[in-house]
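The chain below stands alone and is given as C-alpha cells, in the form predicted on its own.
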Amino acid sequence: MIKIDFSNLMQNSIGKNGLVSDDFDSIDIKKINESLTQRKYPELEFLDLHKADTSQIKEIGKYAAGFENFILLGIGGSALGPRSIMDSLRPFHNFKNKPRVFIYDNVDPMTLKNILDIADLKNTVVNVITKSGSTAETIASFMIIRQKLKEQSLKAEDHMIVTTDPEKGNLRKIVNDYGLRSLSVPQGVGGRYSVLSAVGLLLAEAIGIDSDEMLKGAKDIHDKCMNQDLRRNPAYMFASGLYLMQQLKNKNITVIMPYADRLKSFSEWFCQLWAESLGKEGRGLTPYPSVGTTDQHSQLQLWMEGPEDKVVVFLSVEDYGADMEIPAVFQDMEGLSYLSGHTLGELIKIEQEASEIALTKNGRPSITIKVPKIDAYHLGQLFHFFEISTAVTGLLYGINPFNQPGVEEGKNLTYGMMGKKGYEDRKREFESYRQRNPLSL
C-alpha cells in the first residue's frame, strides 16, 4: 500500500509554519462522512468504479490491440488520464511495441496533420472520448478523421471506438445510428474523475496493462479512505492538512513532485483534477506540477527562499524496477569518485530525502507519499486516493467539487462564435469584446 507521511506539516517538525494536532479538531468530519456515504452529489459515483465489470473493456481492448496505431481523441481528463497510465506503466511504448499510441488533446491543426502523416488509417483504430458527446475540440477532430476514413473507403465501424454517456448525447446517437463500437462512462462520473473507467482502462488494455490490477489497487485504498476516523483516514488527512494550511498559514499553492519520470504525466493529471475541482467562488488551491530530481535544480530555490505560500507533495518511489551501478572511474578525482559504488536508484532516493529535509530545516511544509513501486496496482491506488482527497477538499470549502462553471463559460462563448444554435447571445457578447480598442504596442 502507498503510505502518506504528514509529519512535515506539523509545528514539531517545521516550527511556526506548521499545524498542531488540535487544528484538526475544527474539521467537521461528521458532515464529510455524511456527504460521502449519502452521496450528496451524484458525481460521487466514481467511488464505485473499483467494483466495475471490465469484461467489455477487455474485449474491445483486445480488438484495438490488433492495430498498428491507436489514436485517442479527447481533452482534459479524457486525455490526461490515459496519458498518465501509458507514461507510468509503458514508458517509451511507441519505440518498442504496437499499437503505437497518439493522444490528440488539443486542436492545434499541425499536431493532427503530423499524426495523420504517420498513422496510416488503414491500420489505425481511433478512440473518441467525450462524456457529453459535444466537446467541441474532440468532436471537430472526430469529424475530420471520420471524413478521411470515408475518403479512403474505410468503414468507421471497423476503425472507431466511442467512449461516451451510456444513454444520451450526440455521440451516443451516432453510435446507435451507425453501429459503432462503444463503451460507456457512467452517468455519475465526471471527466476528471473518470480515469478508472473505460476512459483510461481501454487504452490500458490495448497496450497490455491489466485493468483489473488497477481496480484492485483502487479497492484496497478505498477501504482505508472510507474510515470515518479522520486521523486514520489518509484521504481525510491529506485534504484537511492542505485545507488547514491555507486557512491558518496562507499556503495557497500545492506543488506535486514525483521523483520518477514515469509519473510526470500523473502530476499533470493531478493538476487538472485539483484546479478544476477546487477553483470556485474565490476559493481553492493552485496546483503546480514538478518532477524530481530535475526541478531541484530550478524550482526548489523558489520553494526554499521565495514566498511562503506553498506545500510540496513528494511522491517517493521505493522500487524503480531497475537500477544501474555507478562505475569506479575517475578515482583520482575527489570531486567525482565519491559517486562510485553507489547506484542511480540510491542517488534519486537520497535526492528526494535531501529536498524534503532542506525544506523542513527552512520551515517549509511538505507531505511525502511513499509508493512501493510503479505498477498497475499502485497506480490505481494513487488515482483513487487523489480523487477522494480532492472531493473531500471541495466539501471542506463548501463548494461543488464536480462542476466547472468557469470552463463552461468559455465553451459557451466558443459555441456562439462557431454558430451553434441557441448561443446567438454569446456570439454578440463575444463580438462586443472584439470591438473594444486594445491597448497594445
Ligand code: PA5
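Here the structure is a predicted model, which means the values were calculated and not measured. We number the residues from 1 along the sequence you see.
One more form of this protein, predicted together with 5-phosphoarabinonic acid, exists but is not displayed; see below.
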Exercise. Could you tell me if residue 132 has a non-hydrogen atom within 4.5 Å of 5-phosphoarabinonic acid in the model of the complex?
Worked result: yes
Exercise. Though only this chain appears here, would residue 78 touch 5-phosphoarabinonic acid in the model of the complex if you measure heavy atom gaps against 4.5 Å?
Worked result: yes
For this session: Considering only heavy atoms, tell me if residue 404 and 5-phosphoarabinonic acid come within 4.5 Å of each other in the model of the complex.
Result: yes
For this session: Spell out, yes or no, whether the shortest heavy atom distance between residue 276 and 5-phosphoarabinonic acid in the model of the complex is within 4.5 Å.
Result: yes
Seminar exercise, completed: Heavy atom within 4.5 Å of 5-phosphoarabinonic acid in the model of the complex, from candidates 272, 343, 252, 111, belongs to 272
Exercise. Pick from 261-269, 151-159, 244-252, 124-132: which stretch has non-hydrogen atoms within 4.5 Å of 5-phosphoarabinonic acid in the model of the complex?
Worked result: 124-132
